[in-house]
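Only one chain is included here, represented as structure tokens and corresponding to the form predicted alone.
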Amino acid sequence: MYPEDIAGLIHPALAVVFVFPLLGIVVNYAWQTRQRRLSAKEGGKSKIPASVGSEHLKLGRWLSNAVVGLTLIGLAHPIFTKMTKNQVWSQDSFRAWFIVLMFVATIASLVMLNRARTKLWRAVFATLTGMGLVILGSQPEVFRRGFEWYVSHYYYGITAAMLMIFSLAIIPDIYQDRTNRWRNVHVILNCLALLFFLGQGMTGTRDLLEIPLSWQASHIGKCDFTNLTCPP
């Protein structure tokens, strides 16, 4: 394997080693938190410790930030690899440096989103973070599988990242809203996000099978993908 092939494994390796285990822990804490809340509402005494709520909040933040970070890593590999191969740095230096600045701005917006307290600034930094992901994902170097968008690893990932950004933005609202409206929104959207994470696991595995190593790419490119045949 060449360095570019090894670099391509960073994104899926982090997903398997860190993000998906963290997802399982967060879902488990979320379930326990809800069960404890329902038990308290009925007037019973739950055996679930009160700490599950704070643990769910802390690890949920980690998960949301990790998903956005993982998305940026997944976008950075094809963008910078193909830009280097196609000599974009010398032929279109303005776009090359614009992409670099967009990565920096998106990361900075995510950091500020975690620090923002007022509703206005949370909305501003959440919007900027989401816009950064969309702009970076729209670059020609990114394969989006538009012909099969309904099973696209890219679209599933961007959607999941957007839901995580929204989750970060509404955290204070969840605890301040006595009507539980924001809490219900949080539950519904994160159940939807869980489905996209499951889709990510399946489409990501498929893509690892489909993407050839760099030294195999020239031969694989000669294959007939309609009739599913390759030259000997």
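What you see is a predicted model; the values in this text were computed from it and never measured. Heads up: residue numbers just count along the shown sequence, starting at 1.
Here the subject shifts to the form predicted together with ligand HEM, a form of this protein not shown in this document.
Of the candidate stretches 119 to 127, 137 to 145, 92 to 100, 105 to 113, only 137 to 145 contains residues with a heavy atom within 4.5 Å of ligand HEM in the predicted bound form.
Heavy atoms of T205 reach within 4.5 Å of ligand HEM in the predicted bound form, making it an interface residue. Contact annotation for F80: none of its heavy atoms lies within 4.5 Å of ligand HEM in the predicted bound form. Although the partner is absent here, I174 sits close enough that one of its heavy atoms falls within 4.5 Å of ligand HEM in the predicted bound form.
Ligand HEM is not drawn, but in the predicted bound form it has a heavy atom within 4.5 Å of A30.
In the predicted bound form, ligand HEM lies within 4.5 angstroms of at least one heavy atom of each of the following residues of 192 to 222: L194, F197, Q200, G201, G204, T205, D207, L208, I211, in sequence order.
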